[in-house]
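Below you will find one chain, with nothing else, as structure tokens; this is the form predicted on its own, and questions on how it binds or moves follow later.
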């Protein structure tokens, strides 16, 4: 048996050293499918700098505009705004504006493809609700850290259906308790009035999970910035929010027993998870957990869910923890899925990502972004007002000050508000919120905005109709026209 572990800062292992067992059964090539999608999207963003570097090399030569457009079509698949190229013979091309425009256009195209082609819909997604109800839950609500290295936590790391799991990200996984309370009330009302997702008399609970992160190879540098790269503080901070949420439900509605909690840690070097299991009384310890490396070491390649369940139950027992059977079955599924992700990183990234630090391409702020399911693509700041999300935004701007501003590139920010189209006036209110957030953001970071180092794209989406995004504003006003 494995002895109990505590949340420590371990020395960096060799790539994949903790996982010595052969590959799991890959469920019909899911890893290859996910890898191809990831590479397609990330290469589209990587091509932006390759394209602009090429264009910059001949910007003062004859026939610049025609040649630049040819390069753009080759690298990006679309043309650049003529107005940004027209005066290259007089002055240098504004590469910063071109860069931001390309980021926005690439995201818009990626988003349209996501909602039109649905590349990340899984074959077993429709069975997920039945599975969680069998485990004793009716809703799964996940709050990861806003760090872009956790943006793929739902569809990749945990292999859960993104449409069936609520995800809202916050810096340090310090989620908004009031927002979660509101969602809990909404969920229970739907159960009471419409028996969705199941009837209110069903013996199921609302599962709230928080996801923090750490880095085994660079624990003092590449951990969670919101917690000073301290894994213990990150776990304790996320746990404190979970407990406050549960207490809030209990104090307000006298039904705290309808809430179950789950604390998950992710090693951003290789996507391996650790899960802090609750005991029989529902309590969670921030320094006791079952680690995927332990499950992987005990399990055999191709193990069934039942065998993984027995492994996890045995590891929990060594720590003196006896979770409910339903929770164990749910957690066993997470570990089974995460072992596929560990194999994914082993096969395609030699056991550890090269970009163990921040490499996000833009900041996403507001409400929405269902289509962002990829690692290190976007830094999230879910918020309704800039004031309430100031902490998350400050962390994001700090990250992009190093990624972009230090190199002379502006910070691209996509402001988004999804709305329910069946509600009268919902679209108009969503558009207004975008403009309010835009003004507040530029006021808070006026120094960057005034220097042209902060640009925004404003978008809304009717999530009730599962529609594509709609652009409603952009700070890149070209010839008096907002071109996105």
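Since this is a predicted model, take the numbers as computed values, not measurements. Numbering follows the first chain given and starts at 1.
The protein also exists as the form predicted in complex with a further copy of the same chain; that form is not presented, and the subsequent description refers to it.
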Answer range among 155-163, 285-293, 259-267, 179-187 for contact with a further copy of the same chain, defined in the predicted bound form as heavy atoms within 4.5 Å:
179-187
With a further copy of the same chain left out of view, choose which of 431, 440, 70, 50 has a non-hydrogen atom within 4.5 angstroms of it in the predicted bound form.
440
Quick one: from 317, 406, 385, 304, grab the residue that has a heavy atom within 4.5 Å of a further copy of the same chain in the predicted bound form.
385
I'd like to check something about residue 198: if you look in the predicted bound form, is any of its heavy atoms closer than or equal to 4.5 Å to a heavy atom of a further copy of the same chain?
no
Does residue 244 reach a further copy of the same chain in the predicted bound form if we count a contact as any heavy atom within 4.5 Å?
yes
Would residue 251 show up as a contact with a further copy of the same chain in the predicted bound form if we use heavy atoms at 4.5 Å?
yes
a further copy of the same chain contact at residue 91 in the predicted bound form, heavy atom, 4.5 Å:
no
Select from 417-435 the residues with a non-hydrogen atom within 4.5 Å of a further copy of the same chain in the predicted bound form and write them out in sequence order.
422, 423, 424, 429, 433
